[in-house]
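Below, in structure tokens: the form predicted on its own, a single chain.
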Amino acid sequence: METILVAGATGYLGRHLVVELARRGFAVRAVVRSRERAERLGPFGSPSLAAAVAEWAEGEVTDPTFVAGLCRGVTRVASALGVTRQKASPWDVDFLANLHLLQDAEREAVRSFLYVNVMHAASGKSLILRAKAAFAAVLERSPVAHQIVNPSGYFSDVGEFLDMARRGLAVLPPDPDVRVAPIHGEDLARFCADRIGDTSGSWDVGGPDVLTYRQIVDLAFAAAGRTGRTLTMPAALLNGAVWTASRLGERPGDLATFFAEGLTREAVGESYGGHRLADYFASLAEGSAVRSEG
């Protein structure tokens, strides 16, 4: 049995990845800030880690002294470590924490290091994407076998369209016909697990449905059981929102830039998985109805 260290284990993807790797017979060493939180159900329907983890490593991954030695006795590393809405700095987490983890992996002579990046990170302007691209560039030069997986986006990223549909008004990006292929965390975890090994490579991946934002909104209205209105946001208004957010501080401005980049770029990749976005929206709508009835 191989031991694999999973960083970012309590995130949406990280939870699915831990469960999938344990199912495949890996002994998972999960890096978490809180075991108690990790053993609860995660965001957007992601699973508890209670029955899937062989070893727990609790601590702050941004602390180099905590990271030192994490890879001792580990065969492989998989990192889904990164920030989006959290308050931490993307540079501290997406770049530096991953860098310190890679350095420890190299010292401990692990066989491979898988990193979950983002599609189009290399051309991004936000600090989130620049930090991810910087680490991916370092990883590509590492002597450790490396696998870099670039998803188009997660189902959880487009869940907000369902919230808008419930309210009867959905706001579309400046070009509603931009195509994207969001992927479910469970499918992405399987894709990552399939590629863990001793061969280096990089892959762009998306879900089975290639959809425009206009089509995503139609699915959201159908799941919500509503006939609503749509409003297409002019590019000038989106740019103005990014500018306004940047006046509030570096972190709000960077987050706004990151989401604006995601809404205006085509992101498709290799088609993979069996989870359909319409079914995901339907499950969210059903869960919301059950909670309201309760």
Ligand SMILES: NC(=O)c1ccc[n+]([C@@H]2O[C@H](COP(=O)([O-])OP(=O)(O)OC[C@H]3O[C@@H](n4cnc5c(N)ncnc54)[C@H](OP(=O)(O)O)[C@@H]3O)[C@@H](O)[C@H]2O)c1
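Heads up: residue numbers just count along the shown sequence, starting at 1. Being a predicted model, the structure only gives us computed values, none of them experimental.
Below, we turn to the form predicted in complex with the named molecule, even though it does not appear here.
- At a distance threshold of 4.5 angstroms between non-hydrogen atoms, residue 187 is out of contact with the named molecule in the predicted complex.
- Looking at residue 93, you'd find a heavy atom of it within 4.5 angstroms of the named molecule in the predicted complex.
- Contact check for residue 215: no non-hydrogen atom falls within 4.5 Å of the named molecule in the predicted complex.
- Not displayed here, the named molecule is kept clear of residue 147 by more than 4.5 Å at the level of heavy atoms in the predicted complex.
- Contact with the named molecule in the predicted complex, defined as a heavy atom within 4.5 Å, is made by none of 70, 74 and 110.
- With the partner omitted here, the stretch from 191-199, 206-214, 114-122, 135-143 that lies within 4.5 Å of the named molecule by heavy atoms in the predicted complex is 114-122.
- Screening 99, 162, 127, 83 for any heavy atom within 4.5 Å of the named molecule in the predicted complex leaves a single hit, 83.
- For the candidate set 266, 60, 250, 39, a heavy atom within 4.5 Å of the named molecule in the predicted complex is found for exactly one residue, namely 60.
- Taking a 4.5 Å heavy atom cutoff to the named molecule in the predicted complex, the contacting residues in 128-163 are 132, 151, 152, 153, 154, 156, 157.
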